[in-house]
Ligand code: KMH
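The form predicted alone is given below as one chain in structure tokens.
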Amino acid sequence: MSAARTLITVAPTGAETAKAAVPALPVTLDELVETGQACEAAGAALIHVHVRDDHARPTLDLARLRDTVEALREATTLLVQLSTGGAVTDPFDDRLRVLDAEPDSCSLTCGTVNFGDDVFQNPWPFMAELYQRTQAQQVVPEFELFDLGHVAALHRLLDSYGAPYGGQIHCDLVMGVPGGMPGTAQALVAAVAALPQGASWSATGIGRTTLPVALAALSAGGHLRVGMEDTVTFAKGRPVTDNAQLVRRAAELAALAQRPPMSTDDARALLRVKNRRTAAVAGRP
């Protein structure tokens, strides 16, 4: 079902790309806040966050996660979504603890997947525990679906444990990962057809599939996720200058599709997140 406006998510950092290889990658708290502000101005309504340590290495340190959530809430009106995937080497207990940073939303990957030369582990007991914790801690999960089997696992979660907090099922189709579903229109259509009735969804095209997936998603009534977590090349031979560049392009495509970018207020209404902003903004002048 087509929406009047497009939710644009920005995933600015990820856990895979090295800062030394891509100097424009935002890895410090200040860089993430500046990125959030620029991307909100460009049309993003939600930010999907991975954090790095003082050496720019991926970390799930809870204090850093809390500081990041707080800083983004103070400096922007973006919905803040934390990754519970972390890096492929992160232990399950650390990934579960992410919810204690009280984000608006979190990622919840619905199955194990080959991830290039690595394996991204998401066995059923972990998925079920994470899902039940999102319900108890009132965090809206975004179901990350790398393959059609993940869609079946999503149905199993819902059948076993009921609706997510807030009641809205929101998914992200992650396409083009070596080991997952390809970044093609045909794969997108098949995945969307299998989603639960009434689910909202976005699509992410990794690397060179970024544009084909974005165009297919818009044509099928979906939302968009873009960012330097997913691609560091704007066009052949042209590195991405910053995350806002990718958000601006997504916003332009959404406007061409006559579904311009959604505001942060509209995104909150769509995803039915808990209002955690009151305390964060209380000290603003």
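Just so it is clear, the structure is predicted and the values come from calculations on it, not from any experiment. Throughout, we count residues from 1 along the sequence that is shown.
This next part talks about the form predicted together with this ligand, which is not shown.
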property	result
Heavy atom within 4.5 Å of this ligand in the predicted bound form - the one residue of 105, 210, 202, 109 that qualifies	109
Among the candidates 180, 85, 183, 141, the residue which, in the predicted bound form, approaches this ligand to within 4.5 Å (heavy atoms)	85
4.5 Å heavy atom contact, residue 270 and this ligand in the predicted bound form	no
Partner contact for residue 16 in the predicted bound form: this ligand, 4.5 angstroms, heavy atom	yes
Contact of residue 120 with this ligand in the predicted bound form (heavy atom, 4.5 Å)	yes
4.5 Å heavy atom contact, residue 229 to this ligand in the predicted bound form	yes
Partner-facing stretch of 65-73, 246-254, 213-221, 42-50, counted where any non-hydrogen atom is within 4.5 angstroms of this ligand in the predicted bound form	42-50
